[in-house]
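Listed next as structure tokens is one chain, alone, in the form predicted on its own.
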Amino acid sequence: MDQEAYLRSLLPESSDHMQQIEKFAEDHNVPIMEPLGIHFLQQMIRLKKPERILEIGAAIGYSALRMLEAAPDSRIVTIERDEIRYEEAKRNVQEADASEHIHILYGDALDMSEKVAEHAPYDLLFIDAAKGKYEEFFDLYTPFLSEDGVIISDNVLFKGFVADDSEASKRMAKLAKKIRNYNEWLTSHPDYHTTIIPIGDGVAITTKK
């Protein structure tokens, strides 16, 4: 058993509803956060205790529901541009009886700042959408954070291709390069501290200086 398999063996079992969503994601090739990554995110949320969370990239609502598990009294605004995934996210949130806490916006996150502003400020910004747009999402939405707000970016190691894309397809290598550029920009940003954690698909934790 390798180290990752060992750590995964220690994770608590997901609820029945979460297991159904995980199975749906697997069957329909919907990217959701990896188990170790989602549990790390939940632990960060337990430590931060955010009242309001903004998520860029709802997909089918899985991460939002898992974040709500870690902060049951929080209010979460999440954005999804794919209509099919948006409808699936609404269904999953409704089935979890979480509509009071999770508000799903339909549209491109780069065009949603006015609607997002209605629910600001946010204590946590979670970026998990189009990998080539991370810097744009960061610049657009960090102004809506509270003074001690935290930014979490997922997939910043991108299947290991960010460190070494020699075996990646042309498309994957191109995406890896964009994420590599984001990581370099983020870790050298004059206004923020960032640490990248090699867990799941790579998670960056960013705080204001």
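Small disclaimer: the values here were computed from a predicted structure and weren't measured. Note that residue numbering follows the sequence shown and begins at 1.
There is another form of this protein, the form predicted together with S-adenosyl-L-homocysteine, and it is not shown here; the text below is about that form.
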property: In the model of the complex, the one of 68, 45, 152, 33 near S-adenosyl-L-homocysteine [non-hydrogen atom within 4.5 angstroms]; result: 33
property: Heavy atom within 4.5 Å of S-adenosyl-L-homocysteine in the model of the complex - residue from 89, 79, 102, 124; result: 79
property: Partner contact for residue 85 in the model of the complex: S-adenosyl-L-homocysteine, 4.5 angstroms, heavy atom; result: yes
property: Proximity of residue 57 to S-adenosyl-L-homocysteine in the model of the complex, heavy atoms at 4.5 Å; result: yes
property: Non-hydrogen atom contact residue 62 with S-adenosyl-L-homocysteine in the model of the complex at 4.5 angstroms; result: yes
property: Heavy atom of residue 130 within 4.5 Å of S-adenosyl-L-homocysteine in the model of the complex; result: yes
property: Among 163-171, 25-33, 144-152, 176-184, the region lying within 4.5 Å of S-adenosyl-L-homocysteine in the model of the complex by heavy atom distance; result: 25-33
property: Residues within stretch 86-110 having a non-hydrogen atom within 4.5 Å of S-adenosyl-L-homocysteine in the model of the complex; result: 107, 108, 109
